[in-house]
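The chain below stands alone, shown as structure tokens; this is the form predicted alone.
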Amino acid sequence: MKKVLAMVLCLVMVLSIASIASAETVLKLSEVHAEGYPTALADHEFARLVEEKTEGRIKIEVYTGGTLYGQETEAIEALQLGDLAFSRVSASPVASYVPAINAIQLPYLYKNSAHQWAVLNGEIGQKFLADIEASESGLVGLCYYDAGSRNFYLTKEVNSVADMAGLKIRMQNSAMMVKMTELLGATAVTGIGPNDVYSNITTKVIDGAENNWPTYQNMGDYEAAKYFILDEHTRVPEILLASAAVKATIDEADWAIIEACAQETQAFEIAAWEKKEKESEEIVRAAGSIVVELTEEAKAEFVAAVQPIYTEYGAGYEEVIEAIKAVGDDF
């Protein structure tokens, strides 16, 4: 009798453990940046917080370095299908579903980083996040992450718009970015992947490229183009996205925890970004890179030269653009 009772108790324990295991939800997060990159660090912090605050009911597996989806557009498609739960992507491809987001990518829109974050964490930026889900794209916007400012880096010093004339610069495959380059008097070269920028500079196919401090340093481009022109032409944030289809399968209380955890990681990522930027700047300066800080007059020239973009790409979003600029009155 005792043996039978013991067997019954063991069976009950096994079933209880199986029940607990089956109650655990495992979700995947795709990240194209490598381990150690600020957004990847934030992804892991997001996963840690969610598991902790749901008491283990929800676990998030983070796949960095593009191991799950090599392109952000592929990850977005997987989110829409419900094959993926989360992905950190640039705001650029999200603008395909919420066109007004194009407004926050216009060149020389922000006075500085503080201005940008006042916009993103204020009424304008939070409405954009809400609009992502309202667009019925199958996507849910959770929070913004920092990606710094993009700057030109070249094989010659540039101190004015006139100095840009004739330069061949590798640009993102974006019509707006190409237009911006042309308005500044340079030639935009697209179709060159980030891993091929260095070789194309050293072989003089191009005179340089543009990106943020960490990319300039991480890719080794500073060894080929030693002039870093601190013009801060664009500040395009990252967005942590979720799948609407996956959200529908999660308990409302647990989803509220997920949203809160995502918001909490924003400050974590911004701090990680600032740390990485400083490290990258120190490395390239020590290696002999020359950082060119434009005078106020020169910066005004750059801003004036690209104004036609506001007419072409800002059409229909004039109120949003003016509202963003108005926030900047305090900075």
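Sequential numbering from 1, following the sequence displayed. Because the structure is predicted, anything quoted here is derived from the model rather than measured. For clarity, a rigid core is taken as the largest C-alpha set superposing within 1.5 Å between two forms.
There is also a form predicted together with a small molecule; it is not shown, and the following applies to it.
Interface residue remark: residue 261 is not counted as part of the site for the small molecule in the predicted bound form, having no heavy atom within 4.5 Å. Within 4.5 Å of some heavy atom of the small molecule in the predicted bound form lies at least one heavy atom of residue 33.
In the predicted bound form, at least one heavy atom of residue 212 sits within 4.5 Å of a heavy atom of the small molecule. Residue contact with the small molecule in the predicted bound form: residue 79 places no heavy atom within 4.5 Å of it.
None of 109-117, 248-256, 125-133, 164-172 except one has non-hydrogen atoms within 4.5 angstroms of the small molecule in the predicted bound form; the exception is 164-172.
Among 225, 229, 184, 89, the residue placing a heavy atom within 4.5 Å of the small molecule in the predicted bound form is 89. The candidate spot formed by 72, 150 and 238 lies fully in contact with the small molecule in the predicted bound form, as each residue has a heavy atom within 4.5 Å of it.
When two forms of a protein are overlaid on their rigid core, residues whose CA moves 2 Å or more are considered shifted, and residue 174 is one of them between the shown form and the other one.
Residue displacement note: residue 194 has its CA displaced by at least 2 Å between the shown form and the other one (rigid core superposed). Put the two forms on the same core and the Cα of residue 113 is off by less than 2 Å between the shown form and the other one.
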